[in-house]
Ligand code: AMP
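Next up: just one chain, as structure tokens, the form predicted on its own.
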């Protein structure tokens, strides 16, 4: 399976699996609509809505996502590209309104992750060849090129805000919101749904989602957790009320060079794809934090995930290590139903503090 076609096929498979998990209560109308945005298959699941209204709602949400995609795209022309060019030229410019809230959220979450989540490393992502729609023909950059960018150490800490103006102290800063944009977009979509009177829905972007309300008659949504192989389920959870479930894994965008796989989740400390983790799933109240935290915890790995999760206010984490071991905290263990526990070593952390469990920021 090619690197370019794999994400789309996996998204479709996960969508079908999720639909099977959702089921449908007698007398409850469940509408599913799909469209492409943010380079993945987006799915809107609406409970208690008829077909015509679902079509109208989907048209609005799809239009919103396409506008955000254009504004936040890391390498196509648009507001973010112009902003990155200004940073490279050492200029102070007006911060685009469509970028400002995402930039502010990114700066806060980067600090809480100790810089493991850092959208300022777009040049590293580009250097590895992931600022392309199809990375199949990529090859790893030279160690010298990586070392040079690490020496320049681009970071969200380099950004300076002065009212509505923004500049960077470091010309190597290049913003890439790939590890938070989808989550922030999903949060905006939920706000839009509620403004249209929708209280029971799932906004799903390639398996990463936020679920609100329930699927009818008080029955919870049942959410699939993808396995890193992209073909199976690791487990499932039940969600009712308002929760986001996000998974980060090296299978999403990758390529092979001389028999070794290189994925898009770059560790800002080493300049290389993070090692030690196969996938991370987090549950949190908002999709923005869940999206950023999934990336940060993937990089933190089996030895550091607990500290980073607490700092980011994430109360439920499941980490699958490259060696097949599962790491999770007790709150996540109580929520997840694993597909197959046989032969799996499960490592439970100490319970997280109450403030973390409440998702306090």
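This structure is a prediction, so every number in the text was calculated from the model and none was measured. Positions refer to the first chain, counted from 1.
FYI, the form predicted together with adenosine monophosphate isn't displayed, but the following is about it.
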Residue-level contact is defined here as any heavy atom of the residue lying within 4.5 Å of adenosine monophosphate in the predicted bound form; does residue 117 satisfy this criterion? yes
Find out whether any non-hydrogen atom of residue 112 is located within 4.5 angstroms of adenosine monophosphate in the predicted bound form, and reply yes or no. no
Is residue 248 close to adenosine monophosphate in the predicted bound form, meaning a heavy atom pair under 4.5 Å apart or at it? yes
In the predicted bound form, residue 179 touching adenosine monophosphate (heavy atom, 4.5 Å): yes
Heavy atoms within 4.5 Å of adenosine monophosphate in the predicted bound form: which stretch in 93 to 101, 79 to 87, 263 to 271, 199 to 207 meets that? 263 to 271
Please state whether every one of the three residues 125, 291 and 299 places a non-hydrogen atom within 4.5 angstroms of adenosine monophosphate in the predicted bound form. yes
The unique member of 186, 121, 282, 224 whose heavy atoms fall within 4.5 Å of adenosine monophosphate in the predicted bound form: 121
